[in-house]
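So this first bit is one chain, no partners, the form predicted on its own, shown in structure tokens.
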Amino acid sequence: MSGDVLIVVGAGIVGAACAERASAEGFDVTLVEPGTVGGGATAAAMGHLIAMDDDPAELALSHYSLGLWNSLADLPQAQFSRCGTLWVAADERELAGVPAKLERLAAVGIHAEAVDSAALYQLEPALAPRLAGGMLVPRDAVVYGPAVAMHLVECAQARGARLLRDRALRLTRDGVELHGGRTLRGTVLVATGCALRELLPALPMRARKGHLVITQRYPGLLRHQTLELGYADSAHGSDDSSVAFNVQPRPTGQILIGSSREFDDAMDPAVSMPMLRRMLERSFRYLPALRGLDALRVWTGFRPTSIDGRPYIGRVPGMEHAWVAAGHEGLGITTALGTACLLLDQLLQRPTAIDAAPFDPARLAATVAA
């Protein structure tokens, strides 16, 4: 299919990464995006590059993608910071789960280290007292997702790709119809995040709202991306709302504070003061010094979530010329580059670096049809 037309709908980081890879493979690429590049779910993400070990398929995709991120480590506007991730155990029960996590990470080649209580406070002295210890993953990183998305789009454009400011209305038998009246013909890749339902209603997707807070500059307060070990339960759970301790030191000296998640099918972007208060109180419990900092900005955004928590990466069932890469929830930035390579290998009918079957859209489209 190299040399053929590929229409990528959506210029978040996943769509941008797919457009960049497709242009590098020789496709004639048109990227359709009505808004700001990287302005949707990408702007609502914390930008962590992290391997979550609670699902073997997503661990494989994350690990694959993390290796690809090394090529962008020197990109200045990405604010790439190899700060590592410090997972914090609140008590001995949580600490007892660390050996199993170390084993799962080691199985895919990710180095991590158990941390006792004394070492925990050497790494992060400002943490609340009497925490049990945790786990350090030193090669994890954080990036500024919207800047990376723009960089990837610019790379694609340098190879001849076009960025078309329009909105896709519906897929056709051989392309996509746009709001402006045009119909583009070619293979279509839908990477629209929460808006997936408008073009591919057979693939179930829910919007998960999140709140984020960025502070003024406080260099030296925090050195590692720091999360509670219960974060995965919040991130991948099915509760209507949840919060977890997740804070990052940005290269600017600012502190980025998360995380909250709530299903909000109304797509209401307003800040919820009760949810914000709940999220901040969770953060203060682990890092009391946050309570005295000045916040610069509070915002919300929506992350696309499939009903089984895994993204859709592959051909749309029953549609010869339609493909999809969407539904990454909180791992969109981590897995964007791996998703693009996995998708392009399938498009070009090449062997894939990891097993693509767990991400096949047919797994849930069939469930819905049944």
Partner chain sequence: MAERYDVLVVGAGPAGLAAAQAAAGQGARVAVLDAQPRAGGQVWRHDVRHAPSAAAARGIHDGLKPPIEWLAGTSVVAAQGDALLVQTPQAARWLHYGNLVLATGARELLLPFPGWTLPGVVGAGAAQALAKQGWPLAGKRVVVAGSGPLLLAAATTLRAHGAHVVAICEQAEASALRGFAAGLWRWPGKLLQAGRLRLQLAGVPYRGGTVVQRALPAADGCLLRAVGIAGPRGTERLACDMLAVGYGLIPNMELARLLGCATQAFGAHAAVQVDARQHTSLDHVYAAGEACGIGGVDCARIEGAIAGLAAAGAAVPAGLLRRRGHARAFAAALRRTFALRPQVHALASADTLVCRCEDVTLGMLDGHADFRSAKLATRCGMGACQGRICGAALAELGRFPHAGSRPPLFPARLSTLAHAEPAS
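Computed from a prediction, not measured in an experiment: that's the story for all the values here. Residue numbers count along the first chain shown, from 1.
Just so you know, the form predicted in complex with its partner chain exists too; it's not on screen, but the next bit is about it.
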For the three residues Gly40, Glu281 and Gly292, which mark the spot I'm curious about, does each lie within 4.5 Å of its partner chain in the model of the complex through at least one heavy atom? yes
Residue (of Pro76, Gly181, Pro201, Pro274) lying close to its partner chain in the model of the complex, criterion heavy atoms within 4.5 Å: Pro274
Work out which of Thr252, Ser117, Thr172, Gln157 lies within 4.5 Å of its partner chain in the model of the complex, going by heavy atoms. Thr252
Ala126, heavy atom within 4.5 angstroms of its partner chain in the model of the complex: no
Would Trp299 show up as a contact with its partner chain in the model of the complex if we use heavy atoms at 4.5 Å? yes
Test of understanding: in the model of the complex, would Gly210 fall inside 4.5 Å of its partner chain by heavy atoms? no
Answer with yes or no whether Ser241 is in contact with its partner chain in the model of the complex, where contact means some heavy atom within 4.5 Å. no
Answer range among 216 to 224, 118 to 126, 186 to 194, 133 to 141 for contact with its partner chain, defined in the model of the complex as heavy atoms within 4.5 Å: 216 to 224
Is any part of 140 to 162 within 4.5 angstroms of its partner chain in the model of the complex by a non-hydrogen atom, and which residues would that be? Tyr144, Pro146, Met150
